[in-house]
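Form predicted alone, single chain, as structure tokens, below.
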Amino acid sequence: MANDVASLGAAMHPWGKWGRNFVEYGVQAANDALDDAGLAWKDIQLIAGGETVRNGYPGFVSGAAFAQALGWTGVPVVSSYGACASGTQALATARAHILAGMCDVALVVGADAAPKGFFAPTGAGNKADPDWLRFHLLGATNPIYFGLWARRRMDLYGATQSDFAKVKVKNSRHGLENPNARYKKEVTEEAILSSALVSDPLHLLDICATSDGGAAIVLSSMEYARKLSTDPVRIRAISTVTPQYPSDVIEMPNFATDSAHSVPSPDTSFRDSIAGNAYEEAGLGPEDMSMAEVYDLSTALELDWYENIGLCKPGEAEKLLNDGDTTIGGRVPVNPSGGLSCFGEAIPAQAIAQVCELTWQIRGQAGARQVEGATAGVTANQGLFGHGSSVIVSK
């Protein structure tokens, strides 16, 4: 396809709480991705960094920070910020340079050293900043929104806390086999339901942690890739869509919606459009996917994503889960990596990490968590302030 680029090298720095500078995690992931691609640092013609912004935290110049640490070579650097979609934006920027003929091969890196506990408000009281406002006017940390979405799912479709817990049980089993996961421990439904209630109806083990970690992808043109590999993995589509007006469903960090009184709601909701845009670009559909990596900030949100990426109709996610369809060995495994449930959030790295997992799965290099016969996969992610994020990877 005309817009295909190759995922030529993929690597991660293991997730955890390591207490070091984020640049160290990104540099290790970058060097390992170069090794995976069979390239040297001097071969890279562009570096794209996914960044994170928290007061004076140095991630705001991530492209340059990684390039300097690896050793200046004079190549262009770019940095992208889209909250949790930062990694996908960096991938999209690198792909655009390749497709425009501005370079043949690029290195995309994201890394984070996240604070302990839930993400807290930052800044000096900017009352025009909706993120500051939702913390200080409502006291609404991220799990408040996760709980509201979970309650919505219960009210609309009859989901139960047991259904949510089963998502965690599944992902914990997947993560056992992932050397890069932070949490490699199988948990029971009973343990989840007996953990502390954080944001009704969600318990502590329903909600992902914050983590340190890094991920990197070497992207290249297909022509360049075929000089190094007879069968390179392809990036078929990258979606970075935003909502359409009126946006009448609440999303972080807002605590009010647009009015749909005089203007009808869009035919396709924002979350449905994220993967929908990628399917359209790739010329593929959900029925072509061997697996999916989705943004499981909470167990309940994973169920929503099943429907948003077209694996089932609205209200059918619980059946898909309980029938075993989304487990490795099922019809379409979801989060074979273990997901954020087993990794936690390392914001600029997580969308890149999803593409790493799909790359390894399609190569048949995922070890004990391998999805048999994997030929294509889709990612779904979402960044604060309306940043969509979806990538389709295939043979």
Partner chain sequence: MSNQKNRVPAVEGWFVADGEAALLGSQCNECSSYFFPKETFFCRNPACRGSEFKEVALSQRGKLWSYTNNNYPPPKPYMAPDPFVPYIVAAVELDKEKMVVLGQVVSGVEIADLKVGMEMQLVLDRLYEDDENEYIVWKWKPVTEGN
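Owing to the predicted nature of the structure, the values given are computational and were not obtained by experimental measurement. Residue numbers count along the first chain shown, from 1.
One more form of this protein, predicted in complex with the partner chain, exists but is not displayed; see below.
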Answer yes or no: in the predicted bound form, does the partner chain come within 4.5 Å of a heavy atom in every one of Pro14, Arg20 and Met102? no
In the predicted bound form, segment of 216-224, 85-93, 199-207, 180-188 with a heavy atom within 4.5 Å of the partner chain: 199-207
Contact residue in the predicted bound form, chosen from Ala114, Val241, Leu133, Cys312 - any heavy atom within 4.5 Å of the partner chain: Leu133
Residue within 4.5 Å of the partner chain in the predicted bound form by heavy atom, from Phe270, Tyr145, Tyr279, Tyr81, is Tyr145
If you check in the predicted bound form, is Ser290 within 4.5 Å of the partner chain, heavy atoms only? no
Determine whether any heavy atom of Pro121 comes within 4.5 Å of a heavy atom of the partner chain in the predicted bound form, and answer yes or no. yes
Partner contact for Ser229 in the predicted bound form: the partner chain, 4.5 angstroms, heavy atom: no
Considering non-hydrogen atoms and a 4.5 Å limit, does the partner chain approach Glu316 in the predicted bound form? no
Do any residues of 142-160 have a non-hydrogen atom within 4.5 angstroms of the partner chain in the predicted bound form? If so, which ones, in sequence order? Ile144, Tyr145, Gly147, Leu148, Trp149, Arg151, Arg152, Asp155, Leu156
